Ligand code: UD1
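Next up is one chain by itself, shown in structure tokens, the form predicted alone.
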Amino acid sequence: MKNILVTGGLGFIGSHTVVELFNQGYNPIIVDNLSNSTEEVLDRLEQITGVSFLYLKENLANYESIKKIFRDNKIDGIIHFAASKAVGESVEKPLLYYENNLVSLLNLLNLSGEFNVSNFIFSSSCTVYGQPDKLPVDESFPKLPAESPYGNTKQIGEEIIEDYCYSNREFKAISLRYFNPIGAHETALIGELPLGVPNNLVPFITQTAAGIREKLNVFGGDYDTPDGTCIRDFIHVVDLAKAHVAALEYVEEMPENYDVFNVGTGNGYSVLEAIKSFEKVSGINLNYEIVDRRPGDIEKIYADTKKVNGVLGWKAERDLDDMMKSAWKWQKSLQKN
């Protein structure tokens, strides 16, 4: 059984990927500093899988602590999620984002070289494309200037990995540029649970519906889109988690030692369409207000998925209503606890 180091493994996408790794016969080793997660997720993962996973509370910026993980465990591959990820916050605190997101990556790459770990999956983002000139975006599109420091850390992260792969032909890596993950596990035991006020749309939708938030702010109603609100390619988090497993299985055999893949549904939905979908599946009318645009937001983006469908053999299976149903089921489960 191969040991896969999952950084940020108690977070939203990381925890779902731990489950899918286990389902495919891997042994996930979880590293998380709990900056945007809780140890309760460990218990929930055990409820889903029946297994207690090795968990290490560490800050990836601490080189010596991370080195001990590599020294004490045979690592066969790495899926690197751990990063600060709120677009708006990154505009306000750029230095925090550059330090958190880039130092951790450099430490992992250095240690991968020292301990001969050659399979690396990087959690990248469609933000590397900036605001594309045409849609849908495919992997050949140029990386335009980032709209936020968060997006810039993903661009720089990809460049660092590609440069390292060029210098070390034994090292193999894939960057997954994914779009907007939402939803929750079918058990409603894990899902998106930001600490404090949510920065992402769907947790704010579900918390508004649950009465935790007074109203939902929709940032911008004057974009050049059919209804004036931003357009995004929403993808179910379980589909996204499965894409990481598919990438891990492909990385060992791929002909080159670096590649990138879009991970999305290929469909663009506006913020108002997402709200209407939630209202339909929940039967709740949301209290929302269109307010000024938010700095760093891209107007519209959705994926061309031909490459990931063809090369990795992966395809998103769940639609927007499925995503909203699972997100609402997750929120309701939290209200019961």
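This one's a predicted model, so the numbers in the text were calculated from it and none came from an experiment. Don't overthink the numbering: it's just position in the shown sequence, from 1.
What comes next is about the form predicted together with the named molecule, which is not displayed.
Contact annotation for V245: none of its heavy atoms lies within 4.5 Å of the named molecule in the model of the complex. In the model of the complex, the named molecule lies farther than 4.5 Å from every heavy atom of K276. For F141, no non-hydrogen atom is located within 4.5 Å of the named molecule in the model of the complex, even though that partner is not displayed.
Among residues of the shown chain, F204 is one whose heavy atoms approach the named molecule to within 4.5 Å in the model of the complex. Just one of C230, V263, A184, A82 comes within 4.5 Å of the named molecule in the model of the complex, counting any heavy atom, and that one is C230. The contact residue chosen from L216, L111, V238, I161 relative to the named molecule in the model of the complex is L216, the criterion being a non-hydrogen atom within 4.5 angstroms. The stretch from 30-38, 44-52, 305-313, 292-300 that comes within 4.5 Å of the named molecule in the model of the complex, counting heavy atoms only, is 292-300. Annotation for 129-160: the only interface residue with the named molecule in the model of the complex is Y150 [heavy atom within 4.5 Å].
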